[in-house]
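The chain below stands alone and is given in structure tokens; this is the form predicted alone.
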């Protein structure tokens, strides 16, 4: 894996614009730098452009203007870029092999690694995500939380330097949500995390970007941005409950 330095951004988006054929100006002159090791949360209302940005970073969509670079190399639309891994919002869109082990091995095999290296990466990723016991299970027999961890394991087996998580807590019960939080807090990869679960963003991310109508509205510390009631309400969001001051009930003495 390529060694990064703090002098080179993990992700550098410069004057990025994008439009769909039936919808213009989905992304408008976006500029963003993400540094190695950062965990950046992306929040905003539905239709703000979060998933579109992810597709542009991965090279699935082609920019209208501007550029995107990963670790100093410009993203070429349609060209596979192993430095970035995307965990889909719905694990069923990502898991398709007969068993969990095969799904996790799929990426490394397509990198052309030796059988020994593929096996090593599969074991490593299953251990990292704590799902070794499910290695022989068909993915469709697993719970939503278990599928999520399998999808993450499959991405991590590719050894990406930037991992993108699109709504990672959707359809998770409380125990797997906590497990995912603990896992991401320990992860070493640079992360972009889009989520409507703002409490999750507070626990996992060290920086937050508020995106609306294809523009970065605010960029900074999670508690400062999400604790700004006027800012959040102006963009259809609510201040997370944990940031609301809590006072003890006032008891009168009779």
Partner chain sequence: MKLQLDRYAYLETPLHSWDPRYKLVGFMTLIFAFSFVDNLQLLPFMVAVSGVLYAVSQLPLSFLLARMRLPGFFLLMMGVLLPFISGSTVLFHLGPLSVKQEGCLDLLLIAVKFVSILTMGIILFGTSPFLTNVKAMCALGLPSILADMILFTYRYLYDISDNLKTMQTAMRLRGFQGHNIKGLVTLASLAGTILVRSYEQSDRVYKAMTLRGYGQADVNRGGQHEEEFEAYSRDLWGLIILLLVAAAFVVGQILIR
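Positions refer to the first chain, counted from 1. Please read these numbers as outputs of a predicted model, since none were measured by experiment.
Omitted from view is the form predicted in complex with its partner chain, to which the following refers.
> Of the residues 77, 130, 98, 72, which one places a heavy atom within 4.5 Å of its partner chain in the model of the complex?
Going through each option in turn, the one that passes is 98.
> Scan 58, 64, 216, 26 and let me know which has any heavy atom within 4.5 Å of its partner chain in the model of the complex.
That would be 58.
> All three of 168, 170 and 173 touching its partner chain in the model of the complex at 4.5 Å, heavy atom to heavy atom?
No, the candidate spot makes no contact with its partner chain.
> Is residue 106 near its partner chain? Define near as a heavy atom within 4.5 Å, in the model of the complex.
Answer yes; at least one heavy atom of residue 106 falls within 4.5 Å of its partner chain in the model of the complex.
> Consider residue 181 of the chain shown here, and say whether it contacts its partner chain in the model of the complex, taking contact as heavy atoms within 4.5 Å.
Flag for residue 181 set to no.
> Any of the heavy atoms of residue 145 lying within 4.5 Å of its partner chain in the model of the complex?
Although its partner chain is absent here, residue 145 would stay clear of it in the model of the complex, with no heavy atoms inside 4.5 Å.
> So, in the model of the complex, is residue 102 in contact with its partner chain at a 4.5 angstroms heavy atom limit?
Because a heavy atom of residue 102 falls inside 4.5 Å of its partner chain in the model of the complex, the answer is yes.
> Going through 185 to 203, which residues have a heavy atom within 4.5 Å of its partner chain in the model of the complex? Please give them in sequence order.
If the 4.5 Å heavy-atom criterion is applied to its partner chain in the model of the complex, 185 to 203 yields nothing.
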